[in-house]
Structures are given as C-alpha cells and as structure tokens.
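Below, in structure tokens: the form predicted on its own, a single chain.
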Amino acid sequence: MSEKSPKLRAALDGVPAYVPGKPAAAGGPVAFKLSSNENPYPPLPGVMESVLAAAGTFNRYPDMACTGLMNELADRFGVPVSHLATGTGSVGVAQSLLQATSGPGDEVIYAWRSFEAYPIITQISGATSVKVPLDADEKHDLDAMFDAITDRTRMIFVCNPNNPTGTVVRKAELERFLDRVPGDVLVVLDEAYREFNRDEQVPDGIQLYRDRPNVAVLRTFSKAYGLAGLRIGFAVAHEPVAAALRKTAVPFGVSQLAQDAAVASLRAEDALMGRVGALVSERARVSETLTAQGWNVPESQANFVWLRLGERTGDFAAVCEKAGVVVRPFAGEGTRITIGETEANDLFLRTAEAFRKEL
C-alpha cells in the first residue's frame, strides 16, 4: 500500500471551520437556543401542506431550473427571471459568486467582523481576503473599504444588516460607495436579514441593483421565512452575473421541498409580517432592557443583538449556558444573541443583568 496521500489544493490549508450555533444539549440544563439566528415560529401557513405534497415525489429529481419559484420571485420583486439564481441558502449562492469571479491572485473585500462564512468561502476559492475593521460604532467603514480596492479586487461583500452586530449602512453612504467602486468589481449586498429592518434610511438592495450592473443582492428564506432547515436562498443580479451563478450551481442542489415551501412562504406575506413584527418588538424590548442594565448595545436591525465583551466573551457564554440559554460567542470579541421566544429572552435578560453586576 502506498504511503502517499492524494494531493489536495494548498488553498484549503488552514481554512477556518464554520462554527454553527451550539444546540441545546439533550437531557441537559439548556432550555433555549439563541445561537443560530433561527426563527422561533413554526412554518408559515400553507408551507407544511406544500412540503407534505412534495414529499411524495422523493423518487424524482427536483426541478433543476426552480421554475415555479423563479417565476414567483420575478413577480414578487419585479425583476426578469434571467436576473435570478437560487442556491442552498444565501451562503450557497455567495460561494457560487466566488467561483464565478475570484481565484488565486484575486482579492475579496469585506468588513470584519461580519458573516463568518466570508473568509471560509473566499479561501476555498483560492482568493485572498481583505478584512476591513468595523468602525467604533460597529458599522461598515465604507471609506476604508473603498481605499482597500486594488487592481486585484474582484468582489466586495456589504452585509446589510451586518451579522453579527446588527448595524446597517444607510442609503446616502451606500450609494456614494457604489458610485465610486470600479464597474468591473462586483459588489454583493448580503441582505439575509432585510425583513427585520425598520430604519427607513436603509435602502432596498434590489432597487439599487436595477441600474448598476456590478451590484448583486443576496436574500434567504432561512431567517424571517423560517426555512433554515430546507436551505434555500437566491440572488438578484444582472444577466451576466446571474447566468454565471446558474452555471456554477450544484445541479439539483435545491430540493423540491425547499422550492415549494419557498413559494408557499412568499404567498403568506401577511402572516410573515405579523411574525416579523413580533420579533422586532421583542428586539426593541431586549435592547432597551440591556441598555438600562448598563450594556452598550449597538442599534440592531436584524433578529439578534450584539454585546462586545472582549476577553469576557467566553465567561458570559458559559454563564448563559449554565442558566439554560445558549448564545453565540466570538472568542475575544463579543456575543450575538438571537431574539427568540419571550420566555427565552426573559431568561437571557436575567442572566445578563446578573453578569453585568459582576463586571
């Protein structure tokens, strides 16, 4: 037997592992999971029925073109079908964007800290990450991001609202940035949490993309729509970019269950808005209570809040877990807490208050 191992791409050396939100331990003291930005509500009306109907066709491949969903999205957002592409969550589409634009020698710019998957999928593509620190208010520093552009830059991610801080980029500053970026650099507006935004100055990325061929928008059904377990997201981009996404997508990657559930979810908008409204109200309550306790809480427009704890991050997460609620720590930086059920939020707030008194 040969002692040699298959040769793998050097670009994979040192790829950081994606760290999912820690689940509640089976049989343990943890009662609530506030670590993954999941929607605490069950599927929207009509979704279970569509999934059960699709389940009878497991022996068949799904519609690779996602025809029904693509038509629904085109009608919903007023865009041509040729400007759409789907994938396994918005992160799956983001990885396809990197495959289509970036490779060895290329650079990808994004704020940091931002979505944990960006450095992973960038390195897998062979490209180089250019991380631009958030400003003192935990927001994107768009001037610094513009200054980081070189002739090697192929793509820029703008996560709006930003994960994990919940902060936003407003219309005037974003339009100014987009107008300055070279036309051959793709700017990706990652709007996974768009539905939770209540800041009227935050633009709808789909409106910005319309007359900007170098802008693509990512959306997902995992958060507000509550389909995290079915893995489905989509991009809106001009035809050359959208066509490239469809070329690089995994064939039959989006299941028929996911496609049908997404269509049913889009058609349940009234129920969606009611649930999102309830979570936004809870977000306000949690933020106000934390601020009253003495925490510095950035204004969040997502379904989570952020506490910068530095070296106390691990201690805080451990105390929360012991109390019965799992949060998402980022070692040495801070903790992201998903807005969940009222009971879960109350438990977290009591734990945060006790911890704050010990600081």
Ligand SMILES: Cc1ncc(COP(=O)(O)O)c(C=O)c1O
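All values derive from a computational prediction rather than experimental measurement. One rule holds for the numbers: they count along the sequence shown, beginning at 1.
Omitted from view is the form predicted in complex with this ligand, to which the following refers.
Not displayed here, this ligand is kept clear of residue 165 by more than 4.5 Å at the level of heavy atoms in the predicted complex.
In the predicted complex, at least one heavy atom of residue 115 sits within 4.5 Å of this ligand.
Contact between residue 90 and this ligand in the predicted complex is found at the 4.5 Å heavy atom cutoff. Residue contact check for residue 237: none of its heavy atoms lie within 4.5 Å of this ligand in the predicted complex. For the three marked residues, 328, 335 and 337, no heavy atom of any sits within 4.5 Å of this ligand in the predicted complex. Just one of 101, 287, 222, 153 comes within 4.5 Å of this ligand in the predicted complex, counting any heavy atom, and that one is 222. Among 97, 159, 174, 109, the residue placing a heavy atom within 4.5 Å of this ligand in the predicted complex is 159. The stretch from 74-82, 115-123, 143-151, 253-261 that comes within 4.5 Å of this ligand in the predicted complex, counting heavy atoms only, is 115-123. In the predicted complex, this ligand lies within 4.5 angstroms of at least one heavy atom of each of the following residues of 186-217: 190, 192, 193, in sequence order.
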